[in-house]
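First, one chain by itself in structure tokens, the form predicted alone.
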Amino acid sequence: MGKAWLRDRRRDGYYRMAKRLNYRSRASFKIFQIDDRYRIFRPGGLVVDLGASPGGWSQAAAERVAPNGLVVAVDTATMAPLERVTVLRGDVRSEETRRDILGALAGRHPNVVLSDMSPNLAGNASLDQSRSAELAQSALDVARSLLRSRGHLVVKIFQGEDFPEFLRQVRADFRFTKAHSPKASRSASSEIYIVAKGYRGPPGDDSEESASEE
């Protein structure tokens, strides 16, 4: 990273706050802000965090589902342990990794699937957006295969030509869908978060959670 990028990061209020409060990433504040507005988490909930490293979202989610909840953090990269978080190393697109997730949850289906996954940026807006859409699609596929009925999904995607079709797919699968940019997102970023609540389909038992729509 260049010196200008490092200088801007040190000036960033959320970066400094994350350091002061011992969060692993400024991204923790994005999911806190999303949860404060849309009520994604509940105490005792089961959460799957895709592309979790270095753990900012997992750390925040573990706080919100405490004391009896569980977060399963999944990434192809290594990630240091976190309290109330089970860390798995694997590719979210593989069936083996999805089986490992269910194993970590003792066969239970999660209430929430999160994805803050980002591609390695190529510097080409169209290519970066397309790669982001592919990752978002992978997150939606995981939600379709694992999420309990009436569960929730939060997924990042870069805005661009693939965004409307992806949003259409999410709307077809969830009772409530909103595109949202939390205050902690950088103003220059093209990222947008889709908050989706009330998964319409199987698998899973929907007895533990009902969707609260807005």
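Here, rigid core means the biggest group of C-alpha atoms that superpose within 1.5 Å across both forms. Everything numeric in this text was worked out from a predicted model, so none of it was measured. Each residue number is its position in the shown sequence, starting from 1.
The form predicted together with a small molecule exists for this protein as well; it is not shown, and the discussion that follows is about that form.
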Report the stretch among 139-147, 104-112, 122-130, 84-92 that approaches the small molecule in the model of the complex to within 4.5 Å, counting heavy atoms only.
-> 84-92
Could you check which residue among Q33, T177, S53, S181 gets a heavy atom within 4.5 Å of the small molecule in the model of the complex?
-> S53
Does any heavy atom of A27 come within 4.5 Å of a heavy atom of the small molecule in the model of the complex?
-> yes
Determine whether any heavy atom of F41 comes within 4.5 Å of a heavy atom of the small molecule in the model of the complex, and answer yes or no.
-> no
With the partner left out of view, is D100 within 4.5 angstroms of the small molecule in the model of the complex by any non-hydrogen atom?
-> no
Taking heavy atoms and a 4.5 Å cut-off, does A77 contact the small molecule in the model of the complex?
-> yes
Verify the C-alpha shift of S94 between the shown form and the other one: is it 2 Å or more after superposing the core?
-> yes
